[in-house]
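A single chain, nothing else alongside it, follows as structure tokens in the form predicted on its own.
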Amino acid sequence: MYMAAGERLMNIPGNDSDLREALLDVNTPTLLLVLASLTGDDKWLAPRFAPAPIEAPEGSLFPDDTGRYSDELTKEIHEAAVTIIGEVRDGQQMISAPPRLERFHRMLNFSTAETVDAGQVAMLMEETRFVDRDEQWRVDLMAATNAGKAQDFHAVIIGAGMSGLGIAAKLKSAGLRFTILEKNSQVGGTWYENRYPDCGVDTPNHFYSYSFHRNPGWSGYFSKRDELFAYFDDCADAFDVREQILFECEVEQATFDEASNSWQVSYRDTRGARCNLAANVVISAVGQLNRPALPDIQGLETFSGPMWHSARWQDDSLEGKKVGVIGTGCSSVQLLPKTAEQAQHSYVFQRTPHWVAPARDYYRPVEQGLLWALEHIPYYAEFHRARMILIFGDRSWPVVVGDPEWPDKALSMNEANHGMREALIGFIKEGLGDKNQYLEDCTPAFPVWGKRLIVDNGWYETLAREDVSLVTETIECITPEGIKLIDGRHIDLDVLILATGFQSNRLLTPMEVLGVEGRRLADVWGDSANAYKGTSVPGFPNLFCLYGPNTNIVHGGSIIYQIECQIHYTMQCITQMLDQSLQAIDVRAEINTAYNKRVQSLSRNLAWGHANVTSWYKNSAGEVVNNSPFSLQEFWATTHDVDLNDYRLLRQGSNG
């Protein structure tokens, strides 16, 4: 048994035959990093073992990262691995310490056959837990706690989804008192609420998990809703935070009290009674995709058949029925194939097409050998996560940034972006087959990554079915019997499904949040929500927003990554407040203004800020208010270190 990177104790079961069998499913470049780490010997990073460069088929998100070794060299590596890992298993070899920064950098350069940015290496040291990022605040926080400075501290977390559970885990580990208010009867947020057919993640789930609570047992590369909910439900117990959660308690108002520099949080409990909690800190973990948006279409309420939003799925039988689906975003793409399999005929009502990316691994189960390696081979999970982030994270960032010299700015950002556009158009043609009359309607008039790429699950093949119709004419109204189009046609429907997204630009609604001088956050923001580093809002001291304005990601990666960056920032703020005996901190308005001017300046030159993009990412003025303008590494760097000079420091009798 051994302790990997200071984390959980693992053991290597079985014999050499079991190990040899498992290695047939592992990634060879990753395995070489494991051997170099177990032995401390750089011979496994020698040129003869160098992998071929990572290559992605044109237009695909899913590159070939196998290294493309010969069968002979692969066998040699595997036999050496059986010997080395077997000796570790049998207690005949000690494991070398985790790599330090310089060696880790060399290992990643070797493993990817390219030069990895030094900033990414520092970030990945934390994502692999080779460096414990919590040490940046833990020592000072423990000192403050031991000195009695946290005796009366209490945080209220609003929401028990991925953000709320993540920050709760850190507060719990620090011994700080907190309460989570959750409007649902279970944890999990979006993965509790969304249950439509084929609902799942669009990020490979070995990356879509907390860095400090990896799951080696994912059954698929893109797990579905039930497995994702089970993961977060397990987190509540693994983090030992379930007892701090008040379920079916919806927050109505949070009010900052300037006399005490604290918050009063009002909520309705399970009986409907209004209750209050006092808090030093309020952490909003309500997410952006939790309040369904209903389409503003005349006559919606008159439809006589079953009708529901995709996020409030009903298990009514669709067999033999004419089903209408309004919307062509991610939810619609995921639910349509299985809906079409049941319905007599499906009608998809489209306002704007999205780019859909080919995904050869979408339904692929995780191989048994890889499951075994992630669970039992020392260091394998750490390097697997690092390579996953490199491959599915910032590799695509250059494709989304505008090239000032690029001549075709109306449809693409740069040469690589244009190349992906052409490749994806080819993918559309292939999928539609004989229904190529839909090609123009399925081709977006904005750059690739203007909206987050949807991972394909047979979307175009489903549209090509004889019993599926794509309707692009504008809807005039909804009638009791179906939908009337502006060209006068009426489409009779038995069931209507609204895959129309969420009220994403109304962050923190329907709560009323009152800050300094009683200012309402909804009035301060309007439809231009903004926050310093996506987290702090001027005039609302000690309010920290997780998954706040301009933190969403488009180009790749996992939102959990972004949230962990914000959690780290928030824990530093709390630590410094307690360490310096501050009652509250309030980000300075000029600091926030300067930061958000930069956010908007950068956003305008990114694919999602493109003039042709109309999306929930933008407000009515065309400003990007949801998405981060930073690469993953840049967001990590932006949020990594707190500078209290950016804040007004509030103590009793003083407003800094």
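Please read these numbers as outputs of a predicted model, since none were measured by experiment. One rule holds for the numbers: they count along the sequence shown, beginning at 1.
Below, we turn to the form predicted together with a small molecule, even though it does not appear here.
- Proximity to the small molecule in the predicted complex, taken as heavy atoms within 4.5 Å, picks out 287-295 from the listed stretches 287-295, 509-517, 400-408, 100-108.
- Proximity to the small molecule in the predicted complex, taken as a non-hydrogen atom within 4.5 angstroms, holds for one residue of Val251, Val282, Val187, Cys330, which is Cys330.
- Proximity to the small molecule in the predicted complex, defined as a heavy atom within 4.5 Å, singles out one entry of His354, Arg387, His555, His206, which is His354.
- At the 4.5 Å threshold, heavy atoms of Tyr196 reach the small molecule in the predicted complex.
- Though the partner is left out of this view, Lys533 does not reach within 4.5 Å of the small molecule in the predicted complex, counting heavy atoms only.
- The closest heavy atom approach of Tyr438 to the small molecule in the predicted complex falls outside 4.5 Å.
- Of the heavy atoms in Lys451, some are within 4.5 Å of the small molecule in the predicted complex.
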